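As a starting point, one isolated chain is supplied in structure tokens, in the form predicted on its own.
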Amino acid sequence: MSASLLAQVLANGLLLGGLYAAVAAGFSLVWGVLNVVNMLHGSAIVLGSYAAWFASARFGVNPFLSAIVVGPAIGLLGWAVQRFVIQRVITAPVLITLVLTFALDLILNNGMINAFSADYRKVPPVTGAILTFGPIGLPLDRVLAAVAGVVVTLAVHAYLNNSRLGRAIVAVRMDRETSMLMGVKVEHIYAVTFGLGLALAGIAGCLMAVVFPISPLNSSGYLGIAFVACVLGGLGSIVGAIVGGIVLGVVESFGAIFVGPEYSVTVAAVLLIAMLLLRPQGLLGRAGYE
């Protein structure tokens, strides 16, 4: 294999990883803080993609701009779902919350199938330009989507570390009981965190719509990406979601070349199993975290 082809595959993997980071960030945050495996996450991403498609088809707004509205709107929906539904079973075993979010996912996914059908839809290209770096050619739309995904994820990381509410979220993730003793309103933090997680899912959906066709059938694939990236990077770590997403994107990209595109997901699954066996806390996670 030539060096130019290897460079092209690596560049494609890095761009894919930037998108995967955006997909995984909200899932990791909710799982790390609430200890809830949010099965609704994949469908929330698809909902964001449909919202971006609707804004483009009806009003001519490109997905990068629509994400500014779509993300907070889906985040508000997530806040309400957690506050009035999930909160009622938040102290139950993790299996209960998993089944509950799975049921909510079925409702949302089937609602989207009923509203939009399972036919694939596509947002028109934003620019259609190609960036060239020597032998490497990259679609500008994909570059912008990947960069935006990483920037949004890093912005959330900075917010968690530098704001009063963000530090409260981190404190609840680290020690719920002590946070309660220090006066943190844990129920409020849970609702805000779940809303923030779904807001990130909505933004990720807008960015994915720039690159990939849209269908409710994509939800399980997005959920799988989020799960694998979180395990690779480390549960509850926003930076870990970026690292895990990039690793997953590069592995899938090279896997598609060396073993065929139909086996790229299998290669990622093998990597996941190896990580669980050798370093279950992930690349940036803390040993013993539950």
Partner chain sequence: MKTLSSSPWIGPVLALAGGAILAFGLPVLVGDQAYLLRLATQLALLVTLAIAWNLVGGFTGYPSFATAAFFGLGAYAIAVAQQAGWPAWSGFLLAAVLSALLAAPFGFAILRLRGHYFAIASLMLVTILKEVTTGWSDLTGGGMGINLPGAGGNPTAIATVALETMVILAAAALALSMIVAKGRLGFGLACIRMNETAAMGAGIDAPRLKTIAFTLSAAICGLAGATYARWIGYIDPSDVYDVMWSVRPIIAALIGGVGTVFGPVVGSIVYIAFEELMWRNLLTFGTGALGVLIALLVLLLPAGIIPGILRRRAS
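Everything numeric in this text was worked out from a predicted model, so none of it was measured. Numbering follows the first chain given and starts at 1.
In what follows, reference is made to the form predicted together with its partner chain, a form of this protein that is not presented.
Comparing 31-39, 242-250, 50-58, 65-73 against its partner chain in the predicted complex, the single stretch with non-hydrogen atoms within 4.5 angstroms of it is 31-39. For the marked spot (14, 152 and 174), a heavy atom within 4.5 Å of its partner chain in the predicted complex is absent from each of the three residues. Although the partner is absent here, residue 111 sits close enough that one of its heavy atoms falls within 4.5 Å of its partner chain in the predicted complex. Contact annotation for residue 263: at least one heavy atom lies within 4.5 Å of its partner chain in the predicted complex.
Contact annotation: residue 167 falls outside 4.5 Å of its partner chain in the predicted complex, judged by heavy atom distances. Its partner chain is not shown here, but in the predicted complex it comes within 4.5 Å of a heavy atom of residue 235. Between its partner chain and the residues 158, 147, 129, 89, the one pair within 4.5 Å by heavy atoms in the predicted complex involves 89. In summary, among the residues 182, 140, 95, 118, the only one with a non-hydrogen atom within 4.5 Å of its partner chain in the predicted complex is 95.
Shown without its partner, the chain has 100, 102, 103, 106, 107, 110, 111, 114 in segment 100-122 as residues with a non-hydrogen atom within 4.5 angstroms of its partner chain in the predicted complex.
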